[in-house]
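Before any questions on binding or motion, here is one chain by itself as structure tokens, the form predicted on its own.
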């Protein structure tokens, strides 16, 4: 059992973390280097200052006032509070919000555990309830509170969403195996964490010690089998996450910034014009009654097909 615990608490978790970071980085790079998407240009645009540019005469001739801060603020509120689900589907929001909150609190818990491990390893200060340093005691209590809330919120939210998918006819019809697998894994991860917290590690000191040994590259077997089970599901979730539908965490920024809200004006010689021109020269490999197969996008809308096709090929 100790050998298995050492493997789960060491090599297995290292491998899962490397897989998560590597695949996520590849996905982000892939999104960032994809051809320019069809822009929705949906108003109101959070980065716009002073209303729509279309309210101005010759707007393309003047420098537009924009605020990336406003855009990030809007995205933050949406990501943190799942605002669209609250407005359009409150029944789903009741489960979606606590589930996402559980994930966010779990990230905060990881940061607090890393800070606590650093305090113990580097400063030699034990993270205990009563300490000569007030901030160390505050770190102890905040870790315990954040960790408990993360497990409770996560498991309750995921269970509610699974119940909805099983009981609601509309959701059941549109649910498939991956949807159930995602929620089952979340329940297993948060549920094992909740059990480990309740029965073995109320102050997360064992998990802090385990994380400290990982950071120091001297992994040890967890002190309780429930901690081993918790770490196993955390690693499985990390390894599975970038391959699943839940990988929208890597695409969210590009979806908002480059698709929904991108309203950069087309100017001669700009990177936008070059991107669009290059895309117009791309050939369509798929077919439909209204599509000229193996001809460029430009050829699809041009009355002079031969000339358009030749222009598209030259621009490629």
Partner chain sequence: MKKKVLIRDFGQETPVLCPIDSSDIPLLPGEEQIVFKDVKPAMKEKYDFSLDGFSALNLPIPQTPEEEAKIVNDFLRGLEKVFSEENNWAFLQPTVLSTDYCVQCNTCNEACPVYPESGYQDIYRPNYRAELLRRIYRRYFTTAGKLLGKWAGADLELNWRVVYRLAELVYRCSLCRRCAQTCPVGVDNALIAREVRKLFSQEMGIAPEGVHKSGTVNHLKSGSSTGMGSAAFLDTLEMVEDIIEEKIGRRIKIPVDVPGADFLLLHNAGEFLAWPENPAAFAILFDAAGISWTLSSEMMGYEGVNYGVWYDDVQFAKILVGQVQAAKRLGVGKIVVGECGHATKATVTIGDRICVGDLAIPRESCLPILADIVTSGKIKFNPQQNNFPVTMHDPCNMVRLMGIEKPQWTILNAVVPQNQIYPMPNAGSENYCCGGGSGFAIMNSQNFPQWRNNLSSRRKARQVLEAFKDVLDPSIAKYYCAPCSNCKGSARDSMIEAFHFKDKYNMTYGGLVELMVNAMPGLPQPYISWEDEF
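In this text the structure is predicted, and so the values were computed from the model without any measurement. Positions refer to the first chain, counted from 1. Between two forms, the rigid core is the largest collection of C-alphas that superpose within 1.5 Å.
What follows is about the form predicted in complex with the partner chain, which we do not show.
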property: 4.5 angstroms heavy atom contact with the partner chain in the predicted bound form for residue 202; result: no
property: Partner proximity in the predicted bound form: residue 169 to the partner chain, non-hydrogen atom cutoff 4.5 Å; result: yes
property: is_contact(residue 67, the partner chain) in the predicted bound form, heavy atom dist at most 4.5 Å; result: no
property: Non-hydrogen atom contact residue 165 with the partner chain in the predicted bound form at 4.5 angstroms; result: yes
property: Region of this chain that lies against the partner chain in the predicted bound form, out of 215-223, 120-128, 140-148, 170-178 [heavy atom, 4.5 Å]; result: 170-178
property: Answer option from 92, 206, 114, 195, heavy atom within 4.5 Å of the partner chain in the predicted bound form; result: 92
property: Partner contacts for 238-257, taking the partner chain in the predicted bound form and a 4.5 Å heavy atom cut-off; result: 244, 245, 247, 248, 251, 252, 254, 255, 256
property: After fitting the core, residue 248 CA displacement of 2 Å or more between this form and the one not shown; result: no
property: Threshold 2 Å Cα movement between this form and the one not shown at residue 37, rigid core reference; result: yes
property: Yes/no, residue 24 Cα shift of 2 Å or more between this form and the one not shown with rigid core fixed; result: no
